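Encoded as structure tokens, the following chain is the form predicted on its own, with no partner shown.
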């Protein structure tokens, strides 16, 4: 019985990754793992399915509504993970509670949110996640920013910038007027969605004084790439709020240390910047690519999440990079094509009786590190070469009876449309030329 046509398509928001798409994802994944090793981050693998209550804690109301939630056969309410941090925090609060600090953890894989599919936004997506636990110092924030910058450079991304802020500045002003954390979370989510007027109105209805509202409105208009100037403006705006001044000082220290470390990152400092996740307590940042109206990554400090899971007071800071969005950005910038310089080889036996010799040569070339395909369909040489050309093969090795008797093969350059007879023992050197 044939399946109906709608069942032969992927579920909305899910994708099949084919050829270059899958290769690009794995390329970024490989670079993400390389950076994790260079910075001393150990990989952890957490379940795709977690208890709903774990994932919903401090996630934000809007994100909670977008979770894939279901009841398992045991009657438990569970969900597909919408992000990594809650799962990693659970791990740190339980199995890794006694691990030495600082604790540096890396995770990568698929996540799920019921978003409206659009450019760069899918219901199944991939992230590379880095978390540093145990330090409440600015050095940890700087490391996460520097690590993020390292990954972006490692994959070859161009023309990107960091938008940085500090939610402690905004929350301190709201707390000064006794506004409850739940109401603060709503205001932060509105600011994250750029609904500034509604956010200020919500703050007013929650009990913010006129002076605090004026301060908030001033902060929401302070931004720029001259960090010293922006920090000075923030200090002036919050001079009557001691905790906000302390948060501004923390942001200033992070930026100063980042520059002192010669981290080549373009920073846009934005005093009114907030992110939708409720667990952030300090530095927040997102990475944007010029000409792309979506963030390719982001993160920040969350010092109270481990405590929520019963793991004590463990300060933490982390970053998450969207693998799908990075792939889109690289394609847009035509950076992925640089990897097409890899030598891809097709080995063709002119006659089926020569297949054993062709197989032997294929293995010899693979041992040298080449990507080698073997003609297994018994097509004519011309048809095999035509197909190889269409699939981006760079070289063809043709094994003929006359040549093999002399321990030789025909080496064809698919790009230059030239060929020569080469001794098998010199095949590696000729391909490398």
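Numbering follows the first chain given and starts at 1. Predicted model, so just to flag it, every value in this text is computed and none were measured.
The same protein has a further form, the form predicted together with adenosine monophosphate, not shown here; the description that follows concerns it.
> Only one of 154, 139, 181, 115 gets a heavy atom within 4.5 Å of adenosine monophosphate in the predicted bound form. Which one?
Only one option qualifies, and that one is 115.
> With adenosine monophosphate left out of view, which of 81, 325, 301, 90 would have a heavy atom within 4.5 Å of it in the predicted bound form?
Comparing distances to adenosine monophosphate in the predicted bound form, the residue within 4.5 Å is 325.
> I need the one stretch from 355 to 363, 218 to 226, 274 to 282, 200 to 208 whose residues put non-hydrogen atoms within 4.5 angstroms of adenosine monophosphate in the predicted bound form.
Selected range: 274 to 282.
> Is there a non-hydrogen atom of residue 297 within 4.5 angstroms of a non-hydrogen atom of adenosine monophosphate in the predicted bound form?
Output for residue 297 is yes: heavy atoms within 4.5 Å of adenosine monophosphate.
> Does any part of residue 315 reach within 4.5 Å of adenosine monophosphate in the predicted bound form? Heavy atoms only, please.
Heavy-atom contact with adenosine monophosphate at 4.5 Å: absent for residue 315.
> Give a yes or no for residue 121: in the predicted bound form, does one of its heavy atoms lie within 4.5 Å of a heavy atom belonging to adenosine monophosphate?
Residue 121: contacts adenosine monophosphate in the predicted bound form.
> Do residue 127 and adenosine monophosphate share at least one heavy atom pair within 4.5 Å in the predicted bound form?
Yes, residue 127 sits close enough to adenosine monophosphate in the predicted bound form that at least one of its heavy atoms falls within 4.5 Å.
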